[in-house]
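Okay, here we've got a single chain as structure tokens, the form predicted on its own, with questions on binding and movement later.
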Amino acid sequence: MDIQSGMSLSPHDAAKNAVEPNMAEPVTLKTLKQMTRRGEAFACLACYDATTARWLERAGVPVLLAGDSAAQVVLGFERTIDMPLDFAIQITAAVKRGAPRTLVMADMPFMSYHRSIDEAMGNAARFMTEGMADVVKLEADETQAGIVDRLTRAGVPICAHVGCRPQTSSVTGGPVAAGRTGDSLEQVVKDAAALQDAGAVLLLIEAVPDEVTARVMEIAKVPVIGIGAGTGCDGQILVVNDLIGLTDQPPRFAEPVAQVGEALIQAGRQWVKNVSDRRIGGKRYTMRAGESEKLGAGGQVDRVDCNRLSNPG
């Protein structure tokens, strides 16, 4: 057996006991609208690679976001604004390849849509084509309604992110909750209304009190996804690392449902011990029939043959 036939790294490898996805049909914006009309809350998670996306699709998670939080949890930066554009496009495509039935949202990085509408349209187009995104998310307020309008008219489905906007955290000295005063509440509602009227097909509201969420839900004509915004939204999103216990200090609104970090520690320790004990497990490769008899004394390959292999000329 050759090396490649002994591995199963591809998301498309067919395993005998493969877990079937819970989603019979691909999830689309129509799906989310239907769920919203039925009052059925839908789950979303931010993830960053094909393997994780594959398992989350099998779990029945209908919406995945290739978030700019990858700058922190994948690349090790302190801030989301350090997310490289090309990397963001690549991980969006990776998530979609891993979860082709799932609705996948791209996350436009800092300054990828601010300098001009033409640049915004060009970058959004890359997420739709190279990144295979179903929806493109951008952090915005009412002053950026024109960008949403142009992108929507060009055929780019937009999720408008309001409330706490991490890409602006340099101005506020770090991420801060939004809508904690009457004026701030009214501004979040104005932002949501303006971006919705400009054509946004989804709203995402982050880190706000329940009162803000209630007001946004009153004016919302499209599905609303919340994160740290209470239970009143149509959908809920978390970073998968926060959900499964891979984050040392998760945000206050994220409650882990598993402790995969601890499991990784134990697996790593076990591997260290196995290697130390020279017990690596698995199945070994064997030579083809009759080939072992060609070996020289002491089980070593003839030196001349080795030289020929390393110096074919």
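Fair warning: this is a prediction, and the values are worked out from it, not measured in the lab. All residue numbers refer to positions in the sequence shown, first residue = 1.
Although not depicted, the form predicted together with a small molecule is the subject of the following passage.
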| query | finding |
| --- | --- |
| Every residue of 149, 191 and 203 near the small molecule in the model of the complex, heavy atom within 4.5 Å | no |
| Proximity of residue 65 to the small molecule in the model of the complex, heavy atoms at 4.5 Å | yes |
| Non-hydrogen atom contact residue 50 with the small molecule in the model of the complex at 4.5 angstroms | no |
| Contact test in the model of the complex: residue 61 vs the small molecule, heavy atoms, 4.5 Å | no |
| Contact test in the model of the complex: residue 27 vs the small molecule, heavy atoms, 4.5 Å | no |
| Stretch in contact, per heavy atom within 4.5 angstroms of the small molecule in the model of the complex, of 234-242, 150-158, 193-201, 120-128 | 234-242 |
| Partner-contacting position among 56, 32, 246, 46 - heavy atom within 4.5 Å of the small molecule in the model of the complex | 46 |
| Interface residue in the model of the complex among 140, 104, 227, 212, criterion: non-hydrogen atom within 4.5 angstroms of the small molecule | 227 |
